[in-house]
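Have a look below at one chain only, the form predicted alone, in structure tokens format.
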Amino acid sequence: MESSKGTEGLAGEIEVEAYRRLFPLPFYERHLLESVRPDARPLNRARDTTVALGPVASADGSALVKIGDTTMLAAIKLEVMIPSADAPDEGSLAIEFHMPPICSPSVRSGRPAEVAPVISQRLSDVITSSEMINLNELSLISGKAAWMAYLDIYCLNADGCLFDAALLSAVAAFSHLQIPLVSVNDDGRVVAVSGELTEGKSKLELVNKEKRKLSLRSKPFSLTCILHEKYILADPNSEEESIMDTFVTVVLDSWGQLVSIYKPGGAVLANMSTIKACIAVAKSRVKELNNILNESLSEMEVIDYYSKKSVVAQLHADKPPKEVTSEVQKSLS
């Protein structure tokens, strides 16, 4: 009796999966009638999101971001350059988005993904227009030396909303970035200096006296929504993106100010009420992302603080990072 029930249950699951593959849009529409998605998320809820800072030890700033199964690794490398004559007191940014074959079956080796340069340009436009980074902070010696920040973002798993995850990883990497120490050598060139060389009797004359972080003016975050008939689905996965083709991406800064809206065509027309609804969902998402990033930054401060005291091994044994964060912040202030 139990065996027959188990067989019936398995047959039912197979039928559901077959229906899902053969008729994906009707399958989703049956869920939309109940205001829920096949993964049990409400229509306006984004997937679980995590931010890990400093995964790449050789980079000046890095972050690993996961939104659902979509995974991005961002790393920043700083190099000294000669600033342009038009902006002698400004550094520069170069942003590149990469989609290696490991990220998706649709990406083939030797054939760059068509969407990669589009996302690279959109990231550059948003980071520039949001004025997150003051390029004057990347200046070293007026007209002679400035930092060139190379930001490379690698998509490790493409499961929808690539731009949202890429932007979050970029903001997290710049939040983690530390400007290294530099000095002028005998040839008059500006070179990076390791911490060990600044200690001892013969100290080098430093251009910048200490390592510092960029004072980010405002941090842009984005949320992509799918429009289907009267429904708005926040943070779609790759399956949802392949079935429904009308997208709206809303970018807001950490203060809730609108940075940009992007809608690349699609069958559904976005009227003003629909756009307002997308912005309202995005505002809630931006608060969530800002809190996640701030929590990661606070935990990183705790780890850095204990590292300086050479008691990293005792960190988790004494107190969890969240409990000591307030104490460390008092010590650092």
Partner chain sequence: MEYVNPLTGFRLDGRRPNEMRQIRGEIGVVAKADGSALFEMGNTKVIAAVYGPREVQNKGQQINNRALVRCEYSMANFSTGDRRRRPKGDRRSTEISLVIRQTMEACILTHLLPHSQIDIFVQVLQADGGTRSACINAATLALADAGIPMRDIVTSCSAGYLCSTPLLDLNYIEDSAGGPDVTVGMLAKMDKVTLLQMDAKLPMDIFENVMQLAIEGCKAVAHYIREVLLEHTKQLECHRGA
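What you see is a predicted model; the values in this text were computed from it and never measured. Positions refer to the first chain, counted from 1.
Missing here is the form predicted together with the partner chain; even so, the following discussion is about that form.
Mapping the unseen interface onto this chain, S109 counts among the residues with a heavy atom inside 4.5 Å of the partner chain in the model of the complex.
Under a 4.5 angstroms non-hydrogen atom cutoff, the partner chain in the model of the complex has S238 among its neighbouring residues. In the model of the complex, none of the heavy atoms of E114 sits within 4.5 Å of a heavy atom of the partner chain.
Mapping the unseen interface onto this chain, N157 counts among the residues with a heavy atom inside 4.5 Å of the partner chain in the model of the complex.
Taken together, the three residues P55, S58 and C103 all lie with some non-hydrogen atom within 4.5 angstroms of the partner chain in the model of the complex. Here the chain stands by itself, but in the model of the complex one stretch of 115 to 123, 221 to 229, 134 to 142, 90 to 98, 90 to 98, has heavy atoms within 4.5 Å of the partner chain.
Checking V259, V248, L73, L233 for any heavy atom within 4.5 Å of the partner chain in the model of the complex turns up a single hit: L73. K77 is the sole member of K77, K213, R217, K263 with a non-hydrogen atom within 4.5 Å of the partner chain in the model of the complex.
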